[in-house]
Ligand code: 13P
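Just one chain is shown here, as structure tokens, and it is the form predicted on its own.
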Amino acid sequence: MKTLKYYFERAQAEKFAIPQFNFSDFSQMKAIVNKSAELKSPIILGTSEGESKFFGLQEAVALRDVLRKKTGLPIFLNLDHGKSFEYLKQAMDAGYDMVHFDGSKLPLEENIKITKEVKKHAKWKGILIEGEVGKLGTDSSTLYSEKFEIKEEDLTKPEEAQKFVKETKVDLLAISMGNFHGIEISGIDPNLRLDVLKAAREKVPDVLFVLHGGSGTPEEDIKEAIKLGIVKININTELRLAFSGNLRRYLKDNLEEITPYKFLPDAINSVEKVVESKIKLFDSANKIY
């Protein structure tokens, strides 16, 4: 199987983005892998600290291996938004392909210091490291009933991105460019600040760029961001909304049903529909070769 770095380099050269779909149970994982295999798209399965503590680091790695063997799909596993070196070390030692240290709310020097520790531990294992500069303003996937306001001071500053990448040697960089975790209740979030991405790319042209909070982002902004060098886009909120919304509707209409294998298939199908739409939007289908 080709490496994750290989697929990122191809994504950059061919102007597509590899989707990262987060999961917290096997039915969601199954839905993501089923549709990705059907569309022949490389994928990254993501678990936040909370998701991975619920699911289990070793369990996630074991099931990744099983699904790789079963489907032949290049399936990779990322620890998303790790907040400490200690927890990221556990994920790396368990067998994750990639880890993301989120030190965006720390002073820049502290963010650099911890990211360098993570990079040092990952180097001999061949694990890719994602760093983050700039504040997204939100910590979790949720619905916002009012228009979300982006603070100018939270956007990534190109000079800080340059300093961070130079000192840490990270493989990938997540930036704040008008994106945020969660989604507005309308289903469409504010436009991305593509000028921030352009400015960061000019300062650090060699690093691979990541878009967090891809749920609800206007499709034209997604397409333009990929043209400007985004190679990975994270999707979580839309998957959670599809999964939980379907379960609520089904169980409300079928109050006496208690058998999971009877009420979960529809929820799995709803997740598959989101996965399919994102793979097509990111143009990652038929990229396994």
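Residue positions are given as counts along the sequence shown, with the first one as 1. What you see is a predicted model; the values in this text were computed from it and never measured.
This next part talks about the form predicted together with the ligand, which is not shown.
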How about N236 - does it come within 4.5 Å of the ligand in the model of the complex, if we only consider non-hydrogen atoms? yes
Is there any non-hydrogen atom of P74 lying within 4.5 Å of the ligand in the model of the complex? no
Spell out, yes or no, whether the shortest heavy atom distance between T156 and the ligand in the model of the complex is within 4.5 Å. no
Is F180 a contact residue for the ligand in the model of the complex, using a 4.5 Å heavy atom cut-off? yes
Just to confirm the contact call: exactly one of 236-244, 218-226, 55-63, 250-258 touches the ligand in the model of the complex at a 4.5 Å heavy atom cutoff, so which is it? 236-244
Residues within stretch 62-81 having a non-hydrogen atom within 4.5 Å of the ligand in the model of the complex: D80, H81
